[in-house]
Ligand SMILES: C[S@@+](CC[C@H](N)C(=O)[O-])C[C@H]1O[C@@H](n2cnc3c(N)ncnc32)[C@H](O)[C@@H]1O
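In the block that follows, a single chain appears as structure tokens, in the form predicted on its own.
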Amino acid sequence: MPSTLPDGDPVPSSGSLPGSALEGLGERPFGFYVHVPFCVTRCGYCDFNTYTASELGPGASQKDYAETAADEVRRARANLGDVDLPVQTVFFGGGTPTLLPAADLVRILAVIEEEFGLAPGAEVTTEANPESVDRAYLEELRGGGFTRMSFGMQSASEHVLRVLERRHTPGRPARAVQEAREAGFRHVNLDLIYSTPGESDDDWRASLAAAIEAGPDHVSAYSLIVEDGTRLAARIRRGELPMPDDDVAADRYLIADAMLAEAGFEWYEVSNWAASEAGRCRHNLLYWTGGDWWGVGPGAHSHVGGTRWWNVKHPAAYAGRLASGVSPAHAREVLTAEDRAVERLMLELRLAQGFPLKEIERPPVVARALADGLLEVEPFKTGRAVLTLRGRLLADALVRDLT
């Protein structure tokens, strides 16, 4: 979740949605994203909307956050009306959600269930720093209805972690995965970052090997993005560190895909691999396939029926609005049919299921992409265009050409 907010149209103080957003509500998958904006320290590469204790200032309370978030869930119910809307997925992200007591996360989930109901087999995930949980904490989450854990491992190399300003002891991510399994979690993800300045191919292979050995059923691997305004960007600007190289990043992606495939993981989105279909992150799939979701928390983004909105950024402003009975939404936009078609192509083409070839309106670009080996047509997917391995490396540029 980026720390800056885009401009948009005003939102009524009640937060009421336009009629177009409510059309077909309940016919699309519906989920919740809950943003927990607290961190012990700010990592040098991070541009997310997060706050350390010293940055919160007056009017924002980590202790009261669960009830504040619960207030927004109740507001969501009021704004969406009484339509039957069982929640398919819930994802707690941050920040570090597990800086809150496990009881607080369970409380927010309970309010979501009270107000909307959880669909049978609902997926409930929280992100966690490996150092921020222990076996007892994980057992409390599992007993409270959480079904999936996502740990931020990033790297197994200590010198790479120092560049990223990540803090966890060697081997801790693997122990966290084991503790999650012992607590009853069937689904566990590890997040990795590659092409950090100073990382070698061997460092990256070692990180992948350590992640695989830990025994998750899902791995996410992202190329490091240097965001303006971060400490990492300042260090690169001063010449202390080199800028990550696109060719190096491509090589690291190929290494990841090969090692994960050999270990039994299959890609289902450009940056995500799962050991089985059941291991795929259903919440992210909801985003990528045009579902509806309500984003709870400061800076959180939501989307319902083609209307997208985002909350005020600072936790104090967020809490203040809810306390005064006003929507925390900062601004919104109503997407046109053309906007939605472009976004659908941008997101679905990144999936292993591909995109219907007949719906892509740039035949010359498609023909060139097929000839260049960036796309293939899968007959068993009824004529869907699917990215090849080379196409995955160039996915962003290809999508721009196709839109």
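Residue positions are given as counts along the sequence shown, with the first one as 1. As the structure is a computational prediction, the values presented were derived from the model and not from experiment.
Another form, the form predicted in complex with the ligand, is not on view; read the next lines as being about it.
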(message) If we define contact as a non-hydrogen atom of the residue within 4.5 angstroms of the partner, is residue 193 a contact of the ligand in the predicted bound form?
(response) yes
(message) Please tell me whether any heavy atom belonging to residue 212 falls inside 4.5 Å of a heavy atom of the ligand, as the geometry stands in the predicted bound form.
(response) no
(request) Please check if residue 129 has a heavy atom lying within 4.5 Å of any heavy atom of the ligand in the predicted bound form. (result) yes
(request) Decide whether residue 307 counts as a contact residue for the ligand in the predicted bound form under a heavy atom distance cut-off of 4.5 Å. (result) no
(message) Does the ligand, in the predicted bound form, lie within 4.5 angstroms of each residue among 145, 185 and 281, using heavy atoms as the measure?
(response) no
(message) Only one of 335, 46, 347, 370 gets a heavy atom within 4.5 Å of the ligand in the predicted bound form. Which one?
(response) 46
(message) Can you work out which of 303, 321, 330, 166 has a heavy atom no more than 4.5 Å from the ligand in the predicted bound form?
(response) 166
(request) Pick the stretch from 287 to 295, 150 to 158, 134 to 142, 308 to 316 whose residues have a heavy atom within 4.5 Å of the ligand in the predicted bound form. (result) 150 to 158
(message) Suppose contact means any heavy atom within 4.5 Å; which members of 93 to 116 contact the ligand in the predicted bound form?
(response) 94, 95, 96
